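This document starts with one chain, in the form predicted on its own, laid out as structure tokens.
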Amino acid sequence: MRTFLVYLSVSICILLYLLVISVPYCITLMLPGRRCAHYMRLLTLYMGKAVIYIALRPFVRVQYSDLADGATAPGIYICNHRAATDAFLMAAFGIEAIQIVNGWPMKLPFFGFNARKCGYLDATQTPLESYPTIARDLIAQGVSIIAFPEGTRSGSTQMHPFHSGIFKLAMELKLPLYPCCIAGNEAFPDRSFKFHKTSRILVHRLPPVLPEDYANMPTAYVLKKHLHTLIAQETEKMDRELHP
């Protein structure tokens, strides 16, 4: 019953949101490439906020803490990945961004269409050699990149190891890295897409790891281990807060 109610609440919220923004949404679709992508990202950002702060509010409270002292430079957001709701939780950051996703979200009706219009990157289809050019262009536009380097949902409080690709990209382009931590949603939903009872979901953005901070790190492997440790330590604190 809980799963049905959550899906119903989210569906109603999205439909009402689309009804409210139907005119600007249609106008946005008629704009040329970059302008269309820019406004689609903004519309998607506020749709995400509506989902996590309105549709999910009867079931769970989402609490966001910005520990990055308001840093605003576009960069790469490195997030742990516990559940499918992580994609919506990214709206808590309040930034214009694209996400790097696996192939299946791009195939979803409506959401996949929106993701393509926003310029999201399909990790299963985007050639690795094109990432530097794409990332450089996005950062120049003030658009950040959100990555889940575990590559798949953990479904638990434990993190999988990180893949190195996004860290090689950061080092090549000398981009700030924002460690981001999510806790409390590991069963919201679970890997079977059933929503279990939970009271709070916490989202924290940690201080950025700047190019000068990792300039002396010899490889992307060392950098990814550093970020993994930062996020693991923070999520452990968050889990203890949720389950004292």
Partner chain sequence: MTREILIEHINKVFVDKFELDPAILTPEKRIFEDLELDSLDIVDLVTGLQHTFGIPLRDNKELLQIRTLGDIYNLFEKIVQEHPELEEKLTKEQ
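Predicted model only: the values in this text are computed from it and were never measured. Numbering follows the first chain given and starts at 1.
Form predicted in complex with its partner chain: not shown, discussed below.
- Site annotation in the predicted bound form: the residue of Gly142, Gly155, Pro105, Pro161 reaching within 4.5 Å of its partner chain with a heavy atom is Pro161.
- The contact with its partner chain in the predicted bound form, taken as any heavy atom within 4.5 Å, belongs to Val222 out of Val222, Ile14, Ala232, Val20.
- Proximity to its partner chain in the predicted bound form, taken as heavy atoms within 4.5 Å, picks out 212-220 from the listed stretches 178-186, 42-50, 212-220, 29-37.
- Put simply, Lys117 is far from its partner chain in the predicted bound form: not one heavy atom of it is within 4.5 Å.
- Residue contact with its partner chain in the predicted bound form: Gly165 places a heavy atom within 4.5 Å of it.
- Residues of 118-133 placing a heavy atom within 4.5 Å of its partner chain in the predicted bound form: Leu128 alone.
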